[in-house]
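Just one chain follows, in the form predicted alone, and it is written as structure tokens.
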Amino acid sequence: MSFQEGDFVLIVAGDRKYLRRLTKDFSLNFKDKLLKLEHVLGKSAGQEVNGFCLLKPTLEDLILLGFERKTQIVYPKDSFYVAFKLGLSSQSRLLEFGVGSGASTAVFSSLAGEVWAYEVRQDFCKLAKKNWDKFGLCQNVRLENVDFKEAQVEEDFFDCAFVDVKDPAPYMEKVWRALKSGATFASLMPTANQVAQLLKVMEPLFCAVEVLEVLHRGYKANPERLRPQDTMVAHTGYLVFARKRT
């Protein structure tokens, strides 16, 4: 498919990436190079124009370059791995609360059949919806502006759960009741003491508990001087996984 007005395009110039929407006033300057709307319309993904490589953005590109945020997002390096560990499929009904900017929800939504999402802060609900609507994402998400403690959910209803709140411990009994037997639970927390507190509460409710972190180190893609990037996305949070015991 060729690029049309209104499309989002990922533009690669040297070692820089730009996510832009093709509007009537679109233009991009990089060093001594200029890219305008008429240069892009009708071109196909992978074509190079005036030294710019034109690509269709992936979900990761949309999240990292296009999502607005008020707090640190769940990075794709974590959310993609969580989705894998949860075993998401078109038959999965996922419980999520602590939605934030909606980045992790967008990842889960692309794989799950249904996502039931709860966010206590109204401003975060509005921001998540704005991000999803901007890119046409999360059509299978039911978002409620409510603390999960107050949410009305059936028991043995969800195939898996992801929790991203400051203190998950007070929610764990309700999460356990909402999950099907043997279902997978996942959570992300920034500090070790939060993890330790959660593990104590989880002990009688869950089995097969794992705690890990995902480190992501990029390399400079130059065959003459291949070496790590000067900076890296290292510790963003501890991931806790477990299965519901009955």
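Throughout, we count residues from 1 along the sequence that is shown. Given the structure is predicted, the values throughout are model-derived calculations rather than measurements.
Heads up, the form predicted in complex with another copy of the chain isn't pictured, but that's what we're talking about next.
With respect to another copy of the chain in the predicted bound form, the three residues F80, T184 and P190 uniformly fall within 4.5 angstroms at the level of their nearest heavy atom. Note on contacts: among R177, K36, K56, K33, the single residue with a heavy atom within 4.5 Å of another copy of the chain in the predicted bound form is K56. Remark: V99 does not count among the residues lining another copy of the chain in the predicted bound form, judged by a heavy atom distance of 4.5 Å or less. Heavy atoms of V209 reach within 4.5 Å of another copy of the chain in the predicted bound form, making it an interface residue. The shortest heavy atom separation between R93 and another copy of the chain in the predicted bound form exceeds 4.5 Å. Within this chain, K85 lines the site of another copy of the chain in the predicted bound form, having a heavy atom no more than 4.5 Å away. For the partner-free chain shown, V211, L212, E213, V214, L215, H216, R217, G218, Y219, A221, N222, P223, E224, R225, L226, R227, P228, Q229, D230, T231, M232, V233, A234, H235, Y238, R243, K244, R245, T246 of 211 to 246 come within 4.5 angstroms of another copy of the chain in the predicted bound form, judged by any non-hydrogen atom.
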